[in-house]
Every structure is written in structure tokens, then in C-alpha cells.
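In the block that follows, a single chain appears as C-alpha cells, in the form predicted alone.
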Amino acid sequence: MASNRMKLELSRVVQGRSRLGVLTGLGRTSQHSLEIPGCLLYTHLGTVPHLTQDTLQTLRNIPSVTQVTLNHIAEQQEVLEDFKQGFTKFAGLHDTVLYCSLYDPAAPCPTGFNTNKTVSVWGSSGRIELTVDKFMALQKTVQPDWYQTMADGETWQNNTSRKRVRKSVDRTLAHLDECLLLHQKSQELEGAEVFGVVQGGDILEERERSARETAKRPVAGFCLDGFQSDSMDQSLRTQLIAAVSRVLPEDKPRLLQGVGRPDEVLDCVEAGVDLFEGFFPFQVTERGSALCFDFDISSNPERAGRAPPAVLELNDNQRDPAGDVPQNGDTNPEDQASVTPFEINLKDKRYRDDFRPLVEGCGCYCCTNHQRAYLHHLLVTNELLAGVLLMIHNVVHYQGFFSALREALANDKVELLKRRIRRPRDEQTESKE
């Protein structure tokens, strides 16, 4: 059933779970590869938010796998059916591997609408109910290189009962079997890779059962669902992923959905995850923030032409003594509540006369040409260029983090990287002085 062209080549396994290697044989031509741990290229309908394709191509180390989601595409089904050449050509994408997931990881999805026969996605005009037949008809029009099968993932809420979790696993396995049967009969999907979805909520036994049963099916890899950042305690997530990883075969990739914070990425890689959805830079950009955290583990920062992103000192009183989140002055309370310790909120008025780059040593177009004060001006005047410049920086910074993570795994520096990522910003600043 699976095309068997995708191959996971592991060069190292650290402490029994953290995996370093490369996925080869990607795409219909089998000419692409993707380093792991790594992330996908997050898009809206095939376009990275705020960036044109020309701008995107100027960035280095862009992932070779582009993620699109059915909740964006479902409303275009009739157009794609008339086009007949698949979404890659429809969107003008070139030299990329197309991965189609069910939901947008950066958008909230209402719960309570799944049944034994259907799941629901939300487009711009409202709810779209999908049966397996309709789901697979969509995949035929999209013609992805990878896709995750239909799944019932509504078990991430804390009050979900054991009975509901069990039903979720049963439904997802039933959907998987139906999708595989229709996939096998489809000429349009010949050569496409199928990823099975592991469910189970926060119940260890159901997680292991879902993983074990999914691994029995002829799938090319696994999507670990229900571990979204806002839905589960970080330590519990790590324990469950580690348990699932022990059940899943070692020769197939594991893609974690809904997790993007650098500290959480580190924990999940240590638990056995290979791939992540690359939506975190977009979320940071939408808050008017810039990623600004230290992942430098190199003793020679100028090697290969890459200077380490040095975190600059923050203005007085920006840090809350009781926590990690920067305290921003004249900002929206909702923005402030979602700001993470890995970013600076440039809407804050303290940046209006801050003439430093976002991150000292960052080689992205934004940091080499503009200052924090200019970004602040663009944001407070609602200029579209703000999103463009922030997205350029945030994508580059995030990809730099994954490069450092792979380097750390290769050179036994994971603990050093963890200390860099997690230490308070004031300590990071002192180390640069």
C-alpha cells in the first residue's frame, strides 16, 4: 500500500529516543529530502503568510515540504476538480513536496461536531462536513505527495471521558482503513504517502493501543495528534509521546501536530519526535513580535558564514520578576497574554527609539537593514510591510534553531542547547558582554 519510496535514514539516536537523520525519497520524483529533527513550511493555501514566492526563495534553509490544510482547500474543491492538475500546479508551487493535513495548526477549531461517519473542518464560510468519501475526493483533487488520513481528534480537552477517548481511537482506525482502501484504488493518488494518525487523549493505554494498531497498517509515517500546546501539560505530553515512540516502528517518521515553542520542541525531540509543523513563526508575527532567543552552541560562531543570533539586552523593567514573559506597556491585553519568553513584542512604545536590529548577528534581510524602532513604527501605523519583515526574520530565526538542534544532537551538546534556550534573558545578555 505505502509507496516505500520515503526512507528514514538515522545517523544517530541519542539516549535511546532523540533521533538525528534525514528523510529521503520525498515527493513523486523521490528527489527531495528533509533533515530531522525538522519542521514543515507552514502556508495558507500554499503561500507563506505575508511573503511572496519570490521573497520566500531569498531565504536560506527553507524546508522542502510545504504544508497545506484541508480547511483552507475544501472550499476550492470544484475549482481544483476543473483544473485537474493538482494543487501544486494550481498554486504555482515549484520544487517542493506537498503535505496535506486536516486542520490548520495556527487556527482554533470548534469541537463537538464529529460523528462516527464524519469530521468537520471550518472554512471562511463556515463548517464543512467530511465523510471519508468526500475527504478522499478532496485528496484526489489536491494530489499531495503526503497526506494524513481522516481522524477524530476531539479528545484534547481536560474533561474528556475515557469512553470518548476510546471512541476517538476506534473511529480514527476505522477512518484509516477506509482511507487506505480508497487510496489503493485511486490513480490520482498513486505514489502519494499516507500518514496514519495516533490518537488517545491523555490516557496512556489508549495512546499505546492507537499507536500499535496504526503501526500494523501500511502507512509511511505517523501524525501524533492531540498534544497541542494549550491542551496538555508539558510533562504529561512528554511522557505520553515517549510511550508512543516505544510502540511505533523506528524506521518511519513521527510528525507532531500543534507544538511549536522551542522549549516544547526540545522536550518532544527527546521523547522521540522527528517533525513539527512550522506555524510558530506565523503566530509570533501575528502578535507583532520578533523571535529573539539564544540557540548558539558553537565555539566558532563565524563558521559556514553564520553568526549566532545574540539576544540583545531588554529595556529596563521589561521582564516580570515572577515569570518569563516580557511586560509590554501600551499593548493589547490579549496580545500580552499570549507573548512567549522567546519573543519581544514590538508594539510596545519602548521600541520607538530603539535603533538596534531585532537580533544582533542575525543575517536576515530585516535585521541587516532595519531597526526595532522602524518595525515599531510600521506596526503602530498598521503598515503591511511590518508583517513581511517580521515573517522574514521569524522564519529565518526558527530555522536557525532547528539547525542548532541537529548540531547539538550530532555533537553531544543537547544539554548546552537546553540551557541556552531556557535560561532567563538577562543571563543570556550577560554571556554576550
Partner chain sequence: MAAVVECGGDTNTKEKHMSLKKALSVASPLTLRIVAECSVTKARACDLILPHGGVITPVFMPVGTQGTMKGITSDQLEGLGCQICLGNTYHLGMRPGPELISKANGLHGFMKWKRNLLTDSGGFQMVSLVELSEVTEEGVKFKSPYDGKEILLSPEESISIQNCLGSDIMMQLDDVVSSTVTGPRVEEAMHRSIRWLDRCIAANQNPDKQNLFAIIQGGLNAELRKTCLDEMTKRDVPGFAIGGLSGGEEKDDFWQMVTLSTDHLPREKPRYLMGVGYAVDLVVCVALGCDMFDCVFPTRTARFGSALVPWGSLQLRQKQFAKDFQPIDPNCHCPTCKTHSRAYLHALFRNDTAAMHHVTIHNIFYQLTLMHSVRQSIIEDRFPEFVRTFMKRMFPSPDQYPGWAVDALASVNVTLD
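Not measured: the values here are computed from a predicted model. Numbering follows the first chain given and starts at 1.
Unshown form predicted in complex with the partner chain; subsequent notes refer to it.
Visitor: Tell me, please, which stretch of 228 to 236, 78 to 86, 196 to 204, 246 to 254 lies within 4.5 angstroms of the partner chain in the model of the complex when heavy atoms are compared?
Guide: Stretch 78 to 86 is the one.
Visitor: Which one of His50, His32, Arg406, Arg28 is close to the partner chain in the model of the complex, taking close to mean a heavy atom within 4.5 Å?
Guide: Going through each option in turn, the one that passes is His50.
Visitor: Though only this chain appears here, would Gly400 touch the partner chain in the model of the complex if you measure heavy atom gaps against 4.5 Å?
Guide: Although the partner chain is absent here, Gly400 would stay clear of it in the model of the complex, with no heavy atoms inside 4.5 Å.
Visitor: In the model of the complex, is there a heavy atom of the partner chain that lies within 4.5 Å of any heavy atom of Arg352, even though the partner is absent here?
Guide: Contact with the partner chain, yes.
Visitor: At 4.5 Å between heavy atoms, is Ala91 in contact with the partner chain in the model of the complex?
Guide: Answer yes; at least one heavy atom of Ala91 falls within 4.5 Å of the partner chain in the model of the complex.
Visitor: Given that the partner is absent here, does Val380 sit within 4.5 Å of the partner chain in the model of the complex, heavy atoms only?
Guide: Val380: contacts the partner chain in the model of the complex.
Visitor: Does each of Thr155, Ala174 and Gly260 have at least one heavy atom within 4.5 Å of the partner chain in the model of the complex?
Guide: No: none of Thr155, Ala174 and Gly260 comes within 4.5 Å of the partner chain in the model of the complex.
Visitor: What are the residues of 361 to 381, in order along the chain, with a heavy atom within 4.5 Å of the partner chain in the model of the complex?
Guide: The stretch touches the partner through Tyr365, Asn369, His370, Gln371, Ala373, Tyr374, His377, Leu378, Val380, Thr381.
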